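Okay, here we've got a single chain as structure tokens, the form predicted on its own, with questions on binding and movement later.
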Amino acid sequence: MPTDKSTNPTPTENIALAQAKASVVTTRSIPRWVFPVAAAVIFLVLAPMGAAASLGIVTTLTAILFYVIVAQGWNLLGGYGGYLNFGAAIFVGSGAYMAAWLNDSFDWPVWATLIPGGIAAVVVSIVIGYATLRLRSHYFAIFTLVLTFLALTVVKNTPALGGAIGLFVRVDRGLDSRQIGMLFFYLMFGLAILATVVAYLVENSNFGYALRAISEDEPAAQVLGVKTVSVKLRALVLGAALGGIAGSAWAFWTGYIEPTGAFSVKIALDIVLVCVIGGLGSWLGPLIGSFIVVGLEQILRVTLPGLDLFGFELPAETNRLILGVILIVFALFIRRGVIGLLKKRRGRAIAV
């Protein structure tokens, strides 16, 4: 397998990137500039919400922004690169535990733990990347799911990290609940903008075209000169950094973390759901998908419990069933998500 020894593309690699660009040429039913404007409008509308909306709405919007950050990171390899994985919770949990440990042991504030949390997730992603990125298709997806349970087991048996009991995270005690809500809303808000900008830049770079080449036909891309392992590893590391930073903020926002919650398969599945519904391989997809999935979850969580259907009371878990059905519908019939409905795609797969 070739290794990446230089930063400048070789002539052969330039051919591969040109092929990748050709394979994803799109004609949109609406102008290209509309998507960045739509994202800007979404963030402009959200900006005053932290101060103006009720605490319940602020909490829901903070959860949406958290999912935007993690999903934008996941989408780099999972969407653009076509490598479905269930390891998002590993990076979120790594960042969360690093932040909680620094706070518990050295009383570090949330701002000081963001970068260490991202670094912890990057280190974990490098180990995972070298272990898994030569796998393909469902083998890679299954292995990342197994690693999520392995991470949970390791943390649960590590006394320094609180073991099965977990760790409490302390926020400034001088703040009331409203101020804490605003603090974490605007923290997630800023990080969500950062993650969205990173995804936009990746999509419109040679790095993004290389990821698309891998998604279209990895063996052909490799033959044409794309350093596939290196590109996939960079995507995994960048996505992990975003997940780890989000996890650091999430640890302080929740105030308490424990292994089952930090490395929850629910987080991993929800991130996949967000990207599939919003649109895989699109920087706007995770932004729209987060609003749809988290908003729908909140509505179903409130309306379904206690509701009678043909004389049977629906259990609280019914919302997960409904979301699962929605995921199947999108996977089968709307494969390019909500964003795919807004543009027509034409092009060709890479051929040699």
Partner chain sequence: MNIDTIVQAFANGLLLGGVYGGLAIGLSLILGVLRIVNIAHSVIIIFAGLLYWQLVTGFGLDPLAMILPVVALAYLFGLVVHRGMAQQLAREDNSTVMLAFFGLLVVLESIAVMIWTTDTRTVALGYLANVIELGPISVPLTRVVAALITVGVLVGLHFFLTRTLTGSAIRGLSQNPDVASMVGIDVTRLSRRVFAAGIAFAAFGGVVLAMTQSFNPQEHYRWLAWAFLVVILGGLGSALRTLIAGLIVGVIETMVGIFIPFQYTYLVLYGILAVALLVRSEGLSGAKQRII
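Numbering follows the first chain given and starts at 1. Everything quoted here is computed from the prediction, not taken from an experiment.
Missing here is the form predicted together with its partner chain; even so, the following discussion is about that form.
Using a 4.5 Å cut-off to its partner chain in the predicted bound form, each of 141, 149 and 327 places a heavy atom inside that distance. For the residues 196, 206, 132, 222, the 4.5 Å heavy atom test against its partner chain in the predicted bound form is passed only by 132.
Contact with its partner chain in the predicted bound form, defined as a heavy atom within 4.5 Å, holds for exactly one of 55, 321, 47, 34, namely 321.
In the predicted bound form, residue 175 stays away from its partner chain, with no heavy atom inside 4.5 Å. Its partner chain in the predicted bound form comes within 4.5 Å of a heavy atom belonging to residue 82. Taking the partner from the other structure, its partner chain in the predicted bound form has no heavy atom within 4.5 Å of any heavy atom of residue 165.
For the chain shown alone, residue 341 is not a contact residue for its partner chain in the predicted bound form, no non-hydrogen atom being within 4.5 angstroms. In short, of 225 to 233, 176 to 184, 269 to 277, 105 to 113 it is 269 to 277 that has heavy atoms within 4.5 Å of its partner chain in the predicted bound form.
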